[in-house]
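Shown here is one chain on its own, the form predicted on its own, set out as structure tokens.
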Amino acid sequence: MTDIRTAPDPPVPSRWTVLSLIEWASAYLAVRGFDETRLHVELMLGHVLTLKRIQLYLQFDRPLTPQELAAFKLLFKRRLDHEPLQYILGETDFMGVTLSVGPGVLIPRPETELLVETALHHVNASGRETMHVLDVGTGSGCIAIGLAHQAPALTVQGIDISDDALTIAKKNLERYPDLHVTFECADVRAAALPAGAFDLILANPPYIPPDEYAALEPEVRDHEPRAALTDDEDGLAFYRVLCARAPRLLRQGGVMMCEIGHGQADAVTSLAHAQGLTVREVVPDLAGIPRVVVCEPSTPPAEG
């Protein structure tokens, strides 16, 4: 195996075509230890040329203009600085919807799709068409919009403390104006949320402990918002708040679902039990890692 520290840069082609640029840029990134280099280069070039990946393959011999090369170079430099591809392209797909993303908002992950899929299963199994859902820490609005897109009769309220995130969430909602989704600035730790108002609470809180945060890949650590990733405590701070507040916020028969980090299932389950919640299920992801905790009040919610 070639040592990326000593591997030579790929030779510069004599003529820049779609294919030669893809091959050179992919090799250049690979030498520097990047993964999925060809995919990323093709997506960036497709973005510049306003072409889908399959269309690039049909135009391999197309010469690139100086303007096209300059535009690609700007994106390529950003990727060399480990900026996430989703930020560079300005959008990503999540649960069948296209969402804008950028600095200041967490990039939606497949693990969070599992949270939405679990919520959809609950909604479908309930036999109810309408529910009032609270999305805590909505970020880009991916959970609220992704869930409402799949179940349009739901009413979803997304809250976040980040103005930057809420700006992006509201921009994303403009693409899907028929959904019953609202976003507002509120801190779940202090907000005066209405008691007994919600049938379903969903949350993907900051759950990475500070020592693990320091070891994250630079794409995550150096570019995505710290406050959306770590609580700067033990990774469990927001679960304590959510478990304490859920019994009062949920209606009779209401359920809370939280995405959790690796190895946190037992701790979050204990926090739930301590606040009078019954854990109905812990859902694993495709790797078999416990990823979503589903819980409900053991006793009817408090009045008032």
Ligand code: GLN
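Just so you know, these numbers come straight off a predicted model, no measurement behind them. Residues carry their position along the shown sequence, with the first being 1.
What comes next is about the form predicted together with this ligand, which does not appear here.
The shortest heavy atom separation between A228 and this ligand in the model of the complex is within 4.5 Å. Contact between E111 and this ligand in the model of the complex is found at the 4.5 Å heavy atom cutoff.
Although the partner is absent here, P84 sits far enough away that none of its heavy atoms falls within 4.5 Å of this ligand in the model of the complex. This ligand in the model of the complex comes within 4.5 Å of a heavy atom belonging to N204. In summary, among the residues A119, L106, L166, V156, the only one with a non-hydrogen atom within 4.5 Å of this ligand in the model of the complex is L106. For the residues V123, I208, L75, L200, the 4.5 Å heavy atom test against this ligand in the model of the complex is passed only by I208. Checking 140 to 148, 190 to 198, 124 to 132, 228 to 236 against this ligand in the model of the complex, the stretch whose residues place heavy atoms within 4.5 Å of it is 228 to 236. Shown here without this ligand, the chain has only E259 in 234 to 266 lying with a heavy atom within 4.5 Å of that partner in the model of the complex.
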